[in-house]
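First, one chain by itself in structure tokens, the form predicted on its own.
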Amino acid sequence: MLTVAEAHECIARCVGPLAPVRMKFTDALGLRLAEDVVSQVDSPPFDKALLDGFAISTADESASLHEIEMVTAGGVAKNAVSSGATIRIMTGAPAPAGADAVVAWEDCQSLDEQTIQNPAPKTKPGAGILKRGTSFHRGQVVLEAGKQLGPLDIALLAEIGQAEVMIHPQPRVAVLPTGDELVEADQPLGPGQIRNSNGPMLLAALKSVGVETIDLGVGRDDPIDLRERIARGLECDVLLVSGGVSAGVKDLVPSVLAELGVKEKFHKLKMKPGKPLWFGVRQEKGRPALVFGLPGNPVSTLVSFRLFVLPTLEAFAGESYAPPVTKPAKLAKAFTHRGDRPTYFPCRRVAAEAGERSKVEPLDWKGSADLATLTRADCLAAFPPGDYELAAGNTVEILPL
């Protein structure tokens, strides 16, 4: 059996960014740029008024200034500011020719409806004006390759007129829970049956990170049915099969995958929960399809998804593959560990004193099928293998859920 670290190394060798595609910038939220974005314009594109006021020349020595025009945002002054003259201007409008400052209305003294006392002696050149190209200039890289686009980046793309961008697309992921015992949530339970919870959980987890999903339904413990569904799933970038990968009589998934050309990379890991995890790759026409055979128990499925599937999806979408990052926290109560495998134990954060490190409380978890307890967890504590007891206050590494 591989260790968790060895499994990460194996997966990292099998995954890389998908080929870049060109996409409308409005559809690229959350995706990573495949190339630098270079602005073809200056920002602002002209000397711009930063406030509502009067455009003046600070070199004008006139005692008073006569208002000759008013210009609003979207308009352009027809006249230039000359000696003894001023132009009323609104925020965002281009500074008129001859003006080197804008003074707020409230800072100007009116002499009559069209005349103000000249504020030039108290005004510095450039006041109230944002010069052309101050934010960035034509030919400047404004967004670097690899950046994940957020709402402000979308706004910036709109500002510079970049209607399309080259991005790394999100992978397409197929989900296939398996087992004769599974029935859907709206169906009554028969003898020996349980409801399909892994399928909805995985589809929801994938939706939460913005990937395109394919729901393959429930695969029955029948080679023909599994083959048809798995074949469809292999048309995607990633196939998540839940159940059927352990050592039971009806655990048919690995053999069906092998028949369809999927090469096993590892099966079973030194971890708890999630020991039966299966991973393989099919290469066809230069395109890899990665397959995760996730354990059937829901907690094992979620832990395996958090540890291995999420980093894989991120690598497909343009990031470097990296194991999830843990954070230190203190135990809020004592904990006893037994076993020769590292355990990822459901915990929840609890209030800590000011200045203290985060605190976590291990939950009363009853094993891999205990989904109800997992709903109260917001992190997993990574306990190393061995038989030992940890007192409250000991530091552990936690993985946010």
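Everything numeric here is computed off the predicted structure, so don't read it as measured data. Residue indices: 1-based, along the sequence shown.
One more form of this protein should be noted, the form predicted in complex with adenosine monophosphate (AMP), which is absent from this view; the next part is about it.
Asks: With adenosine monophosphate (AMP) left out of view, which of Pro177, Pro273, Gly128, Pro96 would have a heavy atom within 4.5 Å of it in the model of the complex?
Replies: None of the other options qualify; the answer is Pro177.
Asks: Which pick from Pro311, Pro119, Pro295, Gly280 sits with a heavy atom within 4.5 Å of adenosine monophosphate (AMP) in the model of the complex?
Replies: So the residue touching adenosine monophosphate (AMP) in the model of the complex, by this definition, is Pro295.
Asks: Examine Leu182 and determine whether its closest non-hydrogen atom to adenosine monophosphate (AMP) in the model of the complex is within 4.5 angstroms.
Replies: Yes - in the model of the complex, heavy atoms of Leu182 and adenosine monophosphate (AMP) come within 4.5 Å of each other.
Asks: Taking heavy atoms only, is Ile194 within 4.5 angstroms of adenosine monophosphate (AMP) in the model of the complex?
Replies: Within the cut-off, so yes.
Asks: Would Asn198 count as touching adenosine monophosphate (AMP) in the model of the complex under a 4.5 Å heavy atom rule?
Replies: Asn198 belongs to the contact set for adenosine monophosphate (AMP).
Asks: In the model of the complex, does Asp237 have a heavy atom within 4.5 Å of adenosine monophosphate (AMP)?
Replies: Outside the cut-off, so no.
Asks: Sort through 227 to 235, 297 to 305, 98 to 106, 111 to 119 and report the only stretch with a non-hydrogen atom within 4.5 Å of adenosine monophosphate (AMP) in the model of the complex.
Replies: Stretch 297 to 305 is the one.
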